[in-house]
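This text opens with one protein chain seen in two forms, each one given by itself as structure tokens under the names structure 1 and structure 2.
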Structure 1
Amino acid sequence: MKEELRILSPTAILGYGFPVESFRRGMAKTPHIIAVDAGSTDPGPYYLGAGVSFTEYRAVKRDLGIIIPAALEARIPVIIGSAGGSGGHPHLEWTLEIIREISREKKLCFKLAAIEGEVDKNDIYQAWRDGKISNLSSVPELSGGDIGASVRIVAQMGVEPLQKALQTGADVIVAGRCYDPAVFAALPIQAGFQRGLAIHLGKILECAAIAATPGSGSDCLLGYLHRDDFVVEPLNPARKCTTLSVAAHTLYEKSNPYLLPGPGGILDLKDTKFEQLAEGRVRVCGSCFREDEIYRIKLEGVRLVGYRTVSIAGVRDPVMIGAIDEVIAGVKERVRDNFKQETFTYRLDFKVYGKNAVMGPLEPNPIAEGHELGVIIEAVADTQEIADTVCSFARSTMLHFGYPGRIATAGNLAFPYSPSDFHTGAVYGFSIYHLLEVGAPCRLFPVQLMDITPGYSNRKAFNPINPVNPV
């Protein structure tokens, strides 16, 4: 077994970028692997539902165009997790297409492994019937209807499918939805390092230099994993890791900083120690992994809710500002009355910036006190056309609404744009955020291998030149 394994995390999210100088400094430390997490549920349910990335093609291509050639030259593997942000099939395809384009342009030759993270709805339905799906805190119990309504479901893979791909000798591994630390922890765990330390290191590396101070989501971080500890080191002289910055990062976006559940078990940080080293490095030890008796993975699914149209406007009239609640109630009633013969249903919402648009029901002070308000009128309906109709009608009604004390009779709203209304398209909502029991950690995540050669020009999705049977 190696004494030390070095892992380079170039950026917090693939596509967020990194300074080339930091990356070069990282490569000069001869890492054994480059790993990068591309995913998050933070941007909301839309991206999983629509099958698009929340990062942009050119930005992801820029990052991979630096990472992949450097890794091939250094003969070390690259693992990309939660491809395309949400890690569904179209997200994986999108990332593979970027890699193919880079390979053509730079005439690269390597072995590529792709791991699916999208799961079949029927499999999930069967698992639900078999009682293999359990709840997470604050999430409603799953119903068969929730599964049926889901347009796409992904599962967060653990380290095992990635290890399978590594064992094939793949140079570049692109995985669908992953548990964020898995891309960093797969190789070291396979090499015999402690699971708890490897996953804790992965937890820190997944956000790259966010764990340093000043923090940044677009700069590199290097991890040195040893038998009984690990060290993290920023690769930009402008940043330092401090015990506080690293410990504080353990809090970030987590429910309980001491106990962090993941595929197959829980990372226990109760005995973790953080120690400051010279040159802005931090040493961490004592983190351990407690294996669960049952291997569970997290499912994420979304349903189509409808289509949205919004109208953006401002209000400067103090009389109108004082009457805003009555005006909105009156407009809602007028819309309801006007379309009461129609069979369609809709949802109409008004966000009033300057009152409670940011915190909604959590706002302790929902009073419009400023000299101007921003208003977003939002309609969601089963079709874009109905959403357009409702939004447009609410907008024109609000523009000319007669309220008590009104002195400005020409119009109540200032529109910054013509047209005043915008399609935001399909609206999705989370339908599944639950745990699934799996007998074998790799079963849901088939690995497919393909040889990338300079002459490779097939633009068709998922059609490898030399397919190898799933391993």
Structure 2
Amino acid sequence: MKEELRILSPTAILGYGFPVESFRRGMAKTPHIIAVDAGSTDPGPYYLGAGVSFTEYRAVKRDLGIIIPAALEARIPVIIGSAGGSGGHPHLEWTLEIIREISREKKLCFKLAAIEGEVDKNDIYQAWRDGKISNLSSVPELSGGDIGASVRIVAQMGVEPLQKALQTGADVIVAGRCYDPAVFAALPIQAGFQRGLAIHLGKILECAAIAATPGSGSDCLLGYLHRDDFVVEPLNPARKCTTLSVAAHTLYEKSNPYLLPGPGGILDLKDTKFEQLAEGRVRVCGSCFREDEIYRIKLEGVRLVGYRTVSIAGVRDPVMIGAIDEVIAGVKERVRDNFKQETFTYRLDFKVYGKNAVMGPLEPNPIAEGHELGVIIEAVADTQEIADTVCSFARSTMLHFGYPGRIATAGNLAFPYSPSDFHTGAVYGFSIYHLLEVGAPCRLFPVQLMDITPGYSNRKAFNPINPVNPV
């Protein structure tokens, strides 16, 4: 076993970019692998449901156009997780097409492995009937209706499918929805390093230089994994890792400061220690992994909720600002009365920036103290036409709504744009956010190999029907 394994994380999310000079410094350290997370549920359920990426084509192509040629020249693998942002089939295909385009333009030849992350609804139905699906805390118990309403379901793979792809000798691995640390931990665990340390290092590397200070999601971070510890190092001299910055990122997105659940078990950080080293580096030791008796993975599914229209406006009248809650309540009642004979349903919401738009009812200081407010009027309905109708009526009602102390006879709202209403299209909500028991970690994640050549046709789409040893 190697005494040290070096992992280069170029950016927090593929498409967020990185300074070329930082990347060059990382490659000069002779990493054994380049790994990058490409997705998250942070942007919400829309992107999974719509089958589109929350990062842009040109930005992702720019990053991969630097990463892939450098890795091929150094003869080290590249692993990309949660392809296309959400890791469903269309997201995976989108990423593969970018890679094909890069290979054609740069005349690259390499072996590519694609791992499907989207799962069949019928398989989830069967697992639900067999009692193999459980709910996370604060998430309602799953129903058959939730499964039926889901337009797309992905499963969050662990390290094992990535390791299977590495065993094929693939130069580039593109995976569907992944447990974030998995792309960084797969090779080290396969090479015999401690699972707990490898996953904890992956937890730090997943957001790249965000774990440094000043933090940035658009800069590189290098990890050095050893038998009994790991070290993280920023690759931009303007940044440094501190025990505080690394420990803080360890706590990132965790409900329990000591335990981080993931596929197959829990990362236990009760004995973890952080040590400051010279040159802005930090050493970490003591992290361990506790395997579960039953291997579980997280499912993410979304359903179509309706269609959204929004209108953005500003309020400058101090009298209206003082009465904004009463005005909004009055507008809602007027809309309700106007459409009470209609059979359609809708949801009407007002977000008031400068008051409590960010935290809502949890806002500890709900009194508007500024001289102006920003108001977003949002209508969601079963069709775009109904959403347009409701938003338009709410906007015009608020524009001319009367309130005590009002002097002006002109409009109450200032609109920064014309047209004032925006059709934002389909709205999705999470329908599945549950745990699935699986008999084998790779069963749901077929791997397909492709030989990429400069003349590779963009019509040769990924076909998950021809997996490599899906056990």
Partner chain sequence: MKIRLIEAAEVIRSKNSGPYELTLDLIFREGDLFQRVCQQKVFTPDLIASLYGINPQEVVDIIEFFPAKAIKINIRRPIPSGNFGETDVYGAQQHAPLLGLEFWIE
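All values derive from a computational prediction rather than experimental measurement. We call the rigid core the largest set of C-alpha positions that still match within 1.5 Å between the two forms. When a residue number appears, read it as a position in the sequence of structure 1, where counting begins at 1.
- Taken from the structure described as the form predicted on its own is structure 2, whereas structure 1 is drawn from elsewhere.
- When the larger rigid part is held fixed by C-alpha fitting, the smaller one turns through 7 degrees between structures 1 and 2.
- Core-superposed comparison between structures 1 and 2: Ile367 shows a Cα shift of 3.7 Å.
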